[in-house]
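Before any questions on how it binds or moves, here is one chain, the form predicted alone, in structure tokens.
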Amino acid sequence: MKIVPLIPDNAPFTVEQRAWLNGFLAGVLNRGTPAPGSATLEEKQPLLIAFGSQSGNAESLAKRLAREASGRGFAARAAGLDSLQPADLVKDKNVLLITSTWGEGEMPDNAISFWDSLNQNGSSPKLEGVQYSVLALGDMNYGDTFCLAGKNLDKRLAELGANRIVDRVDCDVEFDDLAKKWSSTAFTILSGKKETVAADEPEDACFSKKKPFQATLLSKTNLNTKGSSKDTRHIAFSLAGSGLTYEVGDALGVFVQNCPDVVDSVIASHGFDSQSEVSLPDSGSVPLREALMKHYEVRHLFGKTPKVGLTLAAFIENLRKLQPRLYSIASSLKAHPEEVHLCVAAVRYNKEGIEHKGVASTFLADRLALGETTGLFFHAANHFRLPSDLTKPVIMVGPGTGIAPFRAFLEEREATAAPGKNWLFFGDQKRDTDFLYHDQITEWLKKGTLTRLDTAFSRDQEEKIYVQTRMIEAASELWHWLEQGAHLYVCGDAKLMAKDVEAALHEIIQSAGNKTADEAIAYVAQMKKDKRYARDVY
């Protein structure tokens, strides 16, 4: 059969241009051979960049590297581990895996089912022929559990026969440079070339962690009343002029400064000159006091006996870069245009006679004055989103400052007139002094925006009562909501609360749902896979 050219002879192109275009379009439409020098998707080297992500760092990085890999000529895709099975690695053959570590060295939520599949005796396929490398994200402050999820995945993939093409890289909180070197090495090896050339990317005009927006502090209100042992602040920043937007569920990155008293104490205890010029973590130099105020972590030095004979250069070399802090956003843009709100508990405690302060929380509560500015950026949390179907019921469990994203959720549900039911579990120490956002929550309850409210104030009675207690008490109704397709969200303490809430969830599924322990495990796993169970925990 004769193929009719797609570009006619009288088109304003040269013979060579016309031939190239005809070949290219024929290839796209499966009508012939692609143009010389062009590559179809099948001819490109496949590359899967898989991620296990709890707060969104691994996901954002994986998607960015997938875009870069595509620019280098790979047929690249990014995918969450919750959407993959071990057999998918065999199909893709080339796999770069990025994962964070959650809690006490655990897999992030979206990696649990994949990890379980890798460890089911006899059912996980052998991974011979798979080329892989692992980038592990973590925080060295967690000691022995630092990057443990990445370490375990790396080890297990090798045990199943996969070929490690680049040694695993373990990253502290500042991971950009290591990630760039790791991915560049992997791209080069997988491409089979001595070096690969990245496609030029346009400079990002938006504000980011590397280029934060200087936002003005509009207000900070104490949410606790007289007699409380806590100091919880409602913080509001202006976004006017930034062009920045965010989704409810996202986090706000805040650039902070160390307490001057702590900095002065550290300098004095070491006998250094506060005006001595020192190098900054990235480039440049400033006087020591300014460097310790704005650029280096010093809290771990407060109250400690200085090392004898330590030089200023060695002192600076051993310091970590002061990192911005991430906070769950407590507002909806639909309710507060050009503003972003936080709910922050100021951390202050006495240890061995020394008064300690949380760096970020007391910076916001005490040291950043109204009208002053600090650097902000947004951190997407795609795992922690309201259901796109506005009719779906929503269950929110957020004691203490864990209420933050749920204030945002309820503002959003109200602004969008979402018909789905909303149920909030909130807890703190005492109802009279610690019922955060009491008036707003009560008003939502009256208007019907909030369908049901269950509270747990642990110190209002002799027996301690927590949110998980209230969940178990409401087991039958909670199970009914889950069977109606409700989405369950948990925000707050990871070490105790989140684990206790999950244990309560399993108990509820077994008792009210008449399931076995194994069936409850499977039910929760399916909820996570369907993105109906999400946690924003810290």
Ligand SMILES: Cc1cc2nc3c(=O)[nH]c(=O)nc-3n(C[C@H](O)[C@H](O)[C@H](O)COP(=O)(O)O)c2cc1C
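Each residue number is its position in the shown sequence, starting from 1. It should be emphasised that the depicted structure is a prediction, and the values quoted were computed from it without experimental measurement.
The same protein also exists as the form predicted in complex with this ligand; that form is not shown, yet it is the one meant from here on.
Residue heavy atoms within 4.5 Å of this ligand in the predicted complex occur in exactly one stretch of 177-185, 86-94, 306-314, 101-109, and that stretch is 101-109.
Heavy atoms of D139 reach within 4.5 Å of this ligand in the predicted complex, making it an interface residue. Among residues of the shown chain, A474 is not one whose heavy atoms approach this ligand to within 4.5 Å in the predicted complex. At the 4.5 Å threshold, heavy atoms of A62 stay clear of this ligand in the predicted complex, well away from it. Within this chain, C147 lines the site of this ligand in the predicted complex, having a heavy atom no more than 4.5 Å away. The candidate site formed by S331, F384 and A534 is entirely out of contact with this ligand in the predicted complex, as no residue has a non-hydrogen atom within 4.5 angstroms of it. Residues are counted as partner-facing when one of their heavy atoms sits within 4.5 Å of this ligand in the predicted complex; in 485-515 only A494 qualifies.
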